[in-house]
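Given next, in structure tokens, is a single chain: the form predicted alone.
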């Protein structure tokens, strides 16, 4: 027997009038995948009991839903692919889950201007495929290809390739957004420059569904690389690995990606995927992706990187040219979190100036030693973004009662080195206290005022970013 949620029947009827009864879901079992995301279970917020799921197909339908929600003072939780790691889309109050999954059309691929126009529900996988078919490239790869474009924009996603091409903000040229009060705005466009007034578009980017519901996005594309190679450079010493990075960058080499990895983690991740990690030596490795318009150009860049790495005691560099094997390596790197997830209490997302990454990891080693715990670390080394995975005690990690102390010490160490408590995951719902602890009151106050201007009744994704 289906179990229906306890939502006012009149509200459900009005929602059905807007989008049709087949797109209004009240069955709890059907909604199980919509009330959580990929946040570690230990810290994932508890979802509310009385929620209704709606699946609109147009901006106008979303506008009508938000106008109705304002009339009823009902909370609305925008929902993308559910790949977030900070509980940002979890419906923590009774109300409406607004899924963008039906709005999944590629509207236009503009080869002349190197732009693509997509609806917010288009997945990263579909976006990359559409660009590839036009012999173009969307370089960003935040991780899970099931993530939806609207969510990537709302979270200002980053990922392994940010060292050369930046984060999602660098690609967004225009958006359509429905404000919490129901108005539909078109911001930006296909121009490469635009300083007409305050940049509201970039205020929406990274706002995690608190200021509006993104429905359409114009993204910049790039010419596709003709050749790529993935270098795996193993070291016995983590310090030597990290010392290599600024010297590579100082030589004017800007690879597509520079990742720091621990060999044990990569082997576990590969095993989970039924694959094999190709490097058997060294405790730590750098994964560097070189690109070029010819094999000779890629070989030249790989050779320059290898010579620099040799100066820092690198073990033999493995160069992988086969596209399938390169994709295997990237998937193994991307799968680390899912491999560790059964044992994770929380995964952090701190960042420091890249040259301070070595100091940060040393300080985190000291924190781990104080708590008698194992603290696995992987990171986007080229841009100073580190992901410490705080494991459960049964996996050699911290005691649950020490979790908040450990996080606070990690954040304090990060800030002392000129860093930030989150570089790409965002604040979501699980880090609002940390934001309050580490940002000044004036800044928090301005954020609250901005939220009230956009969302006077506080209906949109409450409890996210600011409490």
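Numbering follows the first chain given and starts at 1. Keep in mind that what you see is a predicted model, and the values were worked out from it rather than measured.
Only in words, not in the display: the form predicted in complex with another copy of the chain, which the text now covers.
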{"item": "Interface stretch in the predicted complex with another copy of the chain - options 28 to 36, 421 to 429, 49 to 57, 64 to 72, non-hydrogen atom within 4.5 Å", "value": "421 to 429"}
{"item": "Residues 179, 206 and 352 all lining another copy of the chain in the predicted complex, heavy atom within 4.5 Å", "value": "yes"}
{"item": "In the predicted complex, the residue from 238, 333, 380, 389 that sits within 4.5 Å of another copy of the chain by heavy atoms", "value": "380"}
{"item": "Contact residue in the predicted complex, chosen from 126, 105, 263, 169 - any heavy atom within 4.5 Å of another copy of the chain", "value": "169"}
{"item": "Residue 192: touches another copy of the chain in the predicted complex, heavy atom cutoff 4.5 angstroms", "value": "yes"}
{"item": "In the predicted complex, residue 250 touching another copy of the chain (heavy atom, 4.5 Å)", "value": "yes"}
{"item": "Partner contact for residue 111 in the predicted complex: another copy of the chain, 4.5 angstroms, heavy atom", "value": "yes"}
{"item": "4.5 angstroms heavy atom contact with another copy of the chain in the predicted complex for residue 439", "value": "yes"}
{"item": "Stretch 175 to 210 - residues with a heavy atom within 4.5 Å of another copy of the chain in the predicted complex", "value": "179, 183, 184, 185, 187, 190, 191, 192, 193, 194, 195, 196, 197, 198, 199, 200, 202, 203, 206, 207, 210"}
